[in-house]
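The data below hold one chain only, encoded as C-alpha cells and taken in the form predicted alone.
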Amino acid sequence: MIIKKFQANTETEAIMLAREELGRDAIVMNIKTISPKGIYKLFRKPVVEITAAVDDNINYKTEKPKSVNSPVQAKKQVPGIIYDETEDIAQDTVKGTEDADAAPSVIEKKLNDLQNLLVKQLSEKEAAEKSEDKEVSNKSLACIRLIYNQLVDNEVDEKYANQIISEIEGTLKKDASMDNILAAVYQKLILKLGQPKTIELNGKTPKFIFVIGPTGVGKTTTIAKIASKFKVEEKARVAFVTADTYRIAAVEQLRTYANILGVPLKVIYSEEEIKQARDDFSDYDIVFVDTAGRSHRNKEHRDDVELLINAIPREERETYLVLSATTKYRDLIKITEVYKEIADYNLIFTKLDETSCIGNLFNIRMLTDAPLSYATFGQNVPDDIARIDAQSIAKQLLRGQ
C-alpha cells in the first residue's frame, strides 16, 4: 500500500491533489488542520493536510480521475470523502481508514522527528551566534577595561574614568575594534579638556593679569616666562606689579626679571596702591600682578588677595591660578575650592617635568570647570612654557608611564 500526505490551503485543494496523484482508487484515511510549530509559526499559516492511500498493485500514475467540475460543486461535497461518478472511493473510505490507522501514525512520527531535527539545528545555530556575540562583547569589554585601567594608572580619578567609559559605550557598535574604542576615548578626553584659554590683549586699555596660588608653585617664574613672550614676540608694552612682600627675596627675584626684560616694576601693599598702579600704567598693554604665595588656609591672606583683584574693574582683569602638577590631588581639591571663593580663574600647571602622571590636570579641569591655559616644564625663561594642548594631554593619559 502506498500512503501519502497532501497539504493545501483548503480541504478541497488537498483532495484534488490526492486524486491527481493517486488516482480514483485512492482512499482518504485522515483529514486535519496543521498549525506550524516553533519558529515556523512566524512564517507560515495553518494548512489542511489529508492522508490518502492506494494499493501499490495499482498503477496510480497512469489512471487519472475526472476533475471536480467547479469549486462550487466541491464545496457541496462532504469533508473527508472524494467523490467521482462511481462513488467507489466514498464507499471505501471508512473501511480503508480502519485498516491503515497504524501507517499514518508512523509517517507522522517521522515527519515530526524531521521537524524536531530542523528546530534543533536552528536552535544550535542561534546558540552559536549568541556565543559569537558574547565573544565579541567580551573582547570589547576587555579593551574598555584596559583603557580604564590606563586612565586610573595615570591618576585620573575613578569617578571621571567611569564617566568617560559610560559615555562612549552608548556610541560604540557591539563589534567595535580596539582602535575604534581607543579613538572614542581619545576624542572624549579632548572634548572634556576643552580649548585652552590664553591671554589676549585688550588693545585700548591695559589688561591686568593677576597670578594667584599657594607658595612654592612657581608663580614668579611663570610670570617672567609669559611676559617675555609678549615683550619679545608681540612687542607689547609690559609692566610688573608685585604684592608678594612676605616671601624673602620675592621682590628681588621679580626685579631681576624686570631688569632683564627692560620693564618697570611697582611694589604695592594695598588695594589703594594697585589703583594708583592702574593710573601709572594706563599707557601699557599688559600688567602682570604677582601675589603673595601663602597657605590657602590663611583666611587673612585670602581676603587681601580678593581686595587686590576687586580693585581693578572686571572687564580689565583676568585671574590665573597656578598649581603644581606634583601636588597631591586631595590638596589640589582644597586649594581650588578656597581660591574659587576669591575669584573666577583660569588654570596654569607647573612642574610637568617633575611628574610622570598628569591625571591631576584632567581631574582639576573636570572638578572646577575652569579653563586650562598654560603649562610649564622647566626653569628656563622664556622657553619652558606653552599653552596646554588637549591632544597632547589626551595622548599622555592613554599612554603607559
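Counting begins at 1, following the sequence as shown. These numbers were taken from a predicted model, which means no experiment stands behind them.
One more form of this protein should be noted, the form predicted together with a small molecule, which is absent from this view; the next part is about it.
Of the candidate stretches 269-277, 218-226, 166-174, 187-195, only 218-226 has residues whose heavy atoms lie within 4.5 Å of the small molecule in the predicted bound form. Of the heavy atoms in Gly293, some are within 4.5 Å of the small molecule in the predicted bound form.
Heavy atoms of Asp304 never reach within 4.5 Å of the small molecule in the predicted bound form, leaving it off the interface. By the criterion of a heavy atom within 4.5 Å, Asn162 is excluded from the residues contacting the small molecule in the predicted bound form. None of the heavy atoms of Pro206 is located within 4.5 Å of the small molecule in the predicted bound form. For the residues Asp369, Glu341, Asp55, Asp353, the 4.5 Å heavy atom test against the small molecule in the predicted bound form is passed only by Asp353.
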